[in-house]
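Heads up, what comes next is one protein chain in two forms, each shown on its own as structure tokens, labelled structure 1 and structure 2.
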Structure 1
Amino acid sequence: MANGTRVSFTNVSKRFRTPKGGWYQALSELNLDIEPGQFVALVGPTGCGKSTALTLLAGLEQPSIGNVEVNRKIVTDIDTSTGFVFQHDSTFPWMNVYNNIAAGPKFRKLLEFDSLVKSWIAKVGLTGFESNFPHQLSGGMKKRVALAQCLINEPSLLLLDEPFSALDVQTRAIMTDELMTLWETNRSTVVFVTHDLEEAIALADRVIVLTAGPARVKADFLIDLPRPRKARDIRFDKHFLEIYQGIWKVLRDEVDIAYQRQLLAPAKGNAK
């Protein structure tokens, strides 16, 4: 079974070229250490740099300054023991559901994967849709394909970028429990990006609040709710509510800042 990896961001800044030729600072002096097997949730206002942080961890981009390390090695390229569920649809449009989910095992030249693939199709509730192409699926179904496609490879570092945001409440609950069970058995390191604070607290060992962009760590909360947790029920727990209020107080300020900026941005545009 996969064992979790240690992850660390040391003094990481990342900036992007803007279309106008300037720079946009997405991360600024981000410092973060994640223990092997820890389940960490990143929360922060939209556009603050959460996806960017995951992209660096996956080796898809390099930091402008600072180091991102996985297993004490500086990340310089993609590593196939990292699994990434992208925020936006990343299923292969020319592969049907079966082949999309079987993509990892096939790329890795596993010999016996049929029963594994079928069990994952069942786990994500897509039995009967094996030969559908992505354009014949709903957004939520595509997301489930993406989840199965990633999880089937049992990554030791799992990066999830708002994986449940397109799912309806019911499927979301099922997938959350499925993820919990899986994680409790193989204890991979999970970095989970979400804008849903309840979800973050229900799932994670740690909730990291990021500042409105450029993202830095604003606050770091240990979630001491007992495990195993049933994500569905835990949100009615009294201690859960206390934690929620504590984190929300911090997060709200950042959300407000981001919201104010959003209000100002179109005004600037209109002024010509």
Structure 2
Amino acid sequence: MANGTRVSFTNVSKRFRTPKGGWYQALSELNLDIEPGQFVALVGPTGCGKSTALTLLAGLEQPSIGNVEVNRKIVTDIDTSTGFVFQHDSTFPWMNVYNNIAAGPKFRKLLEFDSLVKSWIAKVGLTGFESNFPHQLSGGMKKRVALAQCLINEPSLLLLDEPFSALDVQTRAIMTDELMTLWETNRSTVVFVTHDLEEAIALADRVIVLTAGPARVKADFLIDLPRPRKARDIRFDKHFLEIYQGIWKVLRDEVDIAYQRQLLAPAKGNAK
């Protein structure tokens, strides 16, 4: 049985004030339903609004129009049942590995958490590094700390904003498999933002293609690859390549639109 939560975007639009006093439209009439326990990847051109969708789900921002719901309740604030792993390093630099991972249980005032923390340190392969501080760890190790720091709280909704983008190719592949293994243990609902289409297909149950900003759903692909998966191996599967080609045909048009806008932007900025 799935342990995750149901997620729903209903006619969601979001705009922000620009430094010059104008408005920037990030999302426009976004409609999306995610079933409990699904692993969903959002892909789209740079700047299309993928990360904005996550901040709305996390309660860090509110939509300008429409509703964002988790378990049929409108999201109005940050919820402790939601976990967020950010693109950039989110570990506490003044805490060692043990205390970073113990931060959540301490905040929740759990009386007995030592064995829980140690078990998560072991799960992410950091036994022996408990006393190390973030600056003493590699990029991949710091990302393991961030995952354990989040997953130890057993979030029913897990939001991941390009968590592996700063890693080298080999470490990224390893971390992708580790994330898959950790997710298989509790099947929380996951919304995963990435620019890497291969990564999206390897991980997800569904890949949602968003339009060049303002974002709305352009296509919704079911990824019918068997589980459990090894991301490093599944990429060579014939069906994987067929899925990739199908999604890329749809995504490519939006990438081209975003690229053309970037080319035109300087010219508009210099226009008199």
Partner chain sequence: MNEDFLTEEVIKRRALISRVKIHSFQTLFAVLLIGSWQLLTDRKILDPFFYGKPSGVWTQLVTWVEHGTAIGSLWVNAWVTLYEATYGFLSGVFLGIIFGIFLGRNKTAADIFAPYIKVSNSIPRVVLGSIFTIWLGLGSISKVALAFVLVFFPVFFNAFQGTREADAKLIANARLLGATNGQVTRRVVIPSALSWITASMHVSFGFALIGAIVGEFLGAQRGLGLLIATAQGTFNPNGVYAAMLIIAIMALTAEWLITQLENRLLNWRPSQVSGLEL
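All values reported here derive from a predicted model rather than from experimental measurement. If you superpose the two forms and keep the largest set of C-alpha atoms that fall within 1.5 Å, you have the rigid core. One-based numbering along structure 1's sequence throughout.
Between the two copies of this chain, it is structure 2 that is the form predicted on its own.
Fitting C-alpha atoms of each rigid part between the two structures shows the smaller part swung round by 13° relative to the larger. Core-based alignment between the two structures gives a C-alpha movement of 3.3 Å at Thr91.
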